[in-house]
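One chain follows as structure tokens, the form predicted on its own.
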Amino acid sequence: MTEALEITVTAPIVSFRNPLYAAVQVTLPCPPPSTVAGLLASMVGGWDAMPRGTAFAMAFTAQGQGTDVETFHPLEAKGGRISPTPKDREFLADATLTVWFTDHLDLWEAAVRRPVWPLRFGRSQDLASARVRRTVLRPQPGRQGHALVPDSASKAGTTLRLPTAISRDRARTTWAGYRYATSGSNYMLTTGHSTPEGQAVVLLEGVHPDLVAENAA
């Protein structure tokens, strides 16, 4: 058995912009690891306070989806003014993100109970809420369910190429392949751990932005 920390984040409305679409606001079905890392960094007080070797497992669900209209205020490269533009924006409703840690449990537990910065998750207008509990993980295969896992760990769900980490100046991005099943999957993973409920827990590594520069060097 491995002691772990389980963090559950909920938000009424979220949207994770798909970077492959430049002109329209299409949401990804789940948050990229880089987005979750940013949320965690806000809890602990920024990237300098976040261990460089941070690794976490994650699962995500949403109870619905839709499209609303938001007003965008684009920036003009030469400093001129551009009229605000209404655009359709896809969103996910009643979102729940679950994150598991196996290291630095005291640090993350304290950060959830007293976050340094307000928690915003996938939509800047709304605050997210978070709760935390200690649990144990079994060294046994688990069901993929709604977990986001490395592409090499599963054959179920949709293959997604997502940003794992983005450098602090946002000039460089580390991309990787992942698998995610929007409706959940009963596929049994053979790597990682599992919760007492049978949910697979596969750690995602390399999420700290300082590692982007090191990998590019």
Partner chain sequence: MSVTTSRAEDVLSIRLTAHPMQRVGAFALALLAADGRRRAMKHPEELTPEEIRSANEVMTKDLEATVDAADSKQPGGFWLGASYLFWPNCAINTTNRKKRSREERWAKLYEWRDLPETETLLEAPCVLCGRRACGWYGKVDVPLASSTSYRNTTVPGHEGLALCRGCLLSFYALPYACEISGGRAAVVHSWDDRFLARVAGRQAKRMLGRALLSSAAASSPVPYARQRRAIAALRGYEEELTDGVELLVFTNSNKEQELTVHSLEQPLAEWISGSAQGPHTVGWGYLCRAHHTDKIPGTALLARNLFAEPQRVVSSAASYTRRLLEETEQVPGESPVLAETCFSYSAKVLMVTENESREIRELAHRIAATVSGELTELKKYLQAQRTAKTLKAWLRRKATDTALFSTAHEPFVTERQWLLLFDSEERSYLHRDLLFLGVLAELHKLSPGWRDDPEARSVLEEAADPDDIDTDDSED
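The term rigid core refers to the most C-alpha atoms you can superpose between the two forms while keeping them within 1.5 Å. Numbering follows the first chain given and starts at 1. Just so you know, these numbers come straight off a predicted model, no measurement behind them.
From this point on, the text means the form predicted together with the partner chain, which you will not see here.
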- Please pick, from 67, 191, 158, 61, the one residue with any non-hydrogen atom lying within 4.5 angstroms of the partner chain in the model of the complex. 158
- Query: Quick one: of 118, 74, 139, 86, which gets a non-hydrogen atom within 4.5 angstroms of the partner chain in the model of the complex?
  - Reply: 74
- Is it the case that 20, 26 and 82 all touch the partner chain in the model of the complex, with a non-hydrogen atom of each within 4.5 angstroms? yes
- Message: Can you tell me whether residue 175 touches the partner chain? I mean in the model of the complex, with a 4.5 angstroms heavy atom cut-off.
- Response: yes
- Message: Quick check on residue 83: with the core superposed, does its CA move 2 angstroms or more between the shown form and the other one?
- Response: yes
- Task: Determine whether the C-alpha of residue 139 shifts by 2 Å or more between the shown form and the other one once the rigid core is superposed.
- Result: no
- Task: For residue 118, state whether the C-alpha moves by 2 Å or more between the shown form and the other one after rigid core superposition.
- Result: no
